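Quick heads-up: it's one chain on its own, the form predicted on its own, in structure tokens.
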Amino acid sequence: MTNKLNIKDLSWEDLNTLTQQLELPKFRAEQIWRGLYQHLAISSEEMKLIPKVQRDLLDKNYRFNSFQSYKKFVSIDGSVKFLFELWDGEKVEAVYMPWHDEEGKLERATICVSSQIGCGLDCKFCATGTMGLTRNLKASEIIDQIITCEKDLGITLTNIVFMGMGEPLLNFNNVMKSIENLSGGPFKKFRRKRITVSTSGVIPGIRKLAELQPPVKLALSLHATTNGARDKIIPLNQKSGGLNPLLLEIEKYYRKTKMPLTYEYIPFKGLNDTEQDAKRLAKIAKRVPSRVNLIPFNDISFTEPTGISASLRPVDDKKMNEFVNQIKSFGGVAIVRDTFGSDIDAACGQLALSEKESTENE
């Protein structure tokens, strides 16, 4: 393990300060920035415009890559799941998802990134929640998921979603730093409206996120329309005061940012899939401009769930279509979100968890 700081943990302002301290010409800061974010350099050797003596100065105190190694798993649907091994031996995942139009042309190239190793929220439908929280990811460890995906696949990503392992708003500072670096500086890799942060309902984090200018998109992992049902599957709901204060904060986010909201909702058989749920969900979705993404349940039986987790069952396709039509009939905007990677361990956290258990059993 190396104790060197990753150079991608430096902001644009930090990088300018560094080049001054190293007595490098002022224009080197932009060359380094573009080398990292435009040309995807994961070593100083790949920055050919910078003289070797100056690259050696950077190498002395900084590293350029967050990962010891990584594996990738390619699905028949074109998605790719990456399993990264960090310098401390921990593992984290990211998923590349290509979205095509009706003619088969690539419309969006999205990456779903992780923000933590494990998660401490213990949502009952999530494999990552069974791991507990190990630590937050650094900004560089988030950024390098994106850089490595683009470099390995030879693509240019168009969208980022913070919807992988972990709760992004409980790693607020590092998530914000990664967003600032990816959307700022002399080379803006992503526009903010192409970045979505998903939360299970961390109200203080939503308030702070609303201050980011320009803003990013916000998605709420809702999954229930009553406190009784949501308390069962998302323990944070009860701890944070229930749905009313959360939905009020969501409204405030829209009023401040004017960014339409997304509600993520997994219908579970017999828990949150009734016509009344659809009616309440439509009412929630109409409070501010928003849409509901209905998500098929990814099986987490490999975690050997107990309690409420063991009782969760997906609805079938017929019920899913009926539910989305009910939401629309009550005036809500809803779609059934495409699923990716069902043949490559689709459940979030599955690869990292299985690799961790494999290592512990060696």
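Note that this is a predicted model, so its numbers are computed, not measured. Numbers follow the displayed sequence, beginning with 1.
The same protein also exists as the form predicted in complex with S-adenosyl-L-homocysteine (SAH); that form is not shown, yet it is the one meant from here on.
Proximity to S-adenosyl-L-homocysteine (SAH) in the predicted complex (heavy atom, within 4.5 Å), stretch among 140 to 148, 263 to 271, 175 to 183, 70 to 78: Among the listed stretches, the partner-contacting one is 263 to 271.
I'd like to check something about Y96: if you look in the predicted complex, is any of its heavy atoms closer than or equal to 4.5 Å to a heavy atom of S-adenosyl-L-homocysteine (SAH)? Y96: no contact with S-adenosyl-L-homocysteine (SAH) in the predicted complex.
Would you classify V324 as touching S-adenosyl-L-homocysteine (SAH) in the predicted complex, given a 4.5 Å non-hydrogen atom cut-off? Flag for V324 set to no.
Is there a heavy atom of I300 lying 4.5 Å or less from a heavy atom of S-adenosyl-L-homocysteine (SAH) in the predicted complex? Yes, I300 is a contact residue.
S-adenosyl-L-homocysteine (SAH) contact at T199 in the predicted complex, heavy atom, 4.5 Å: Taking the distances in the predicted complex, the answer for T199 is yes, it comes within 4.5 Å of S-adenosyl-L-homocysteine (SAH).
Which one of I295, I50, V333, L58 is close to S-adenosyl-L-homocysteine (SAH) in the predicted complex, taking close to mean a heavy atom within 4.5 Å? The residue from I295, I50, V333, L58 that makes the contact is I295.
Position in contact with S-adenosyl-L-homocysteine (SAH) when the complex is considered in the predicted complex, options I117, M163, L246, L209, heavy atoms within 4.5 Å: It is M163.
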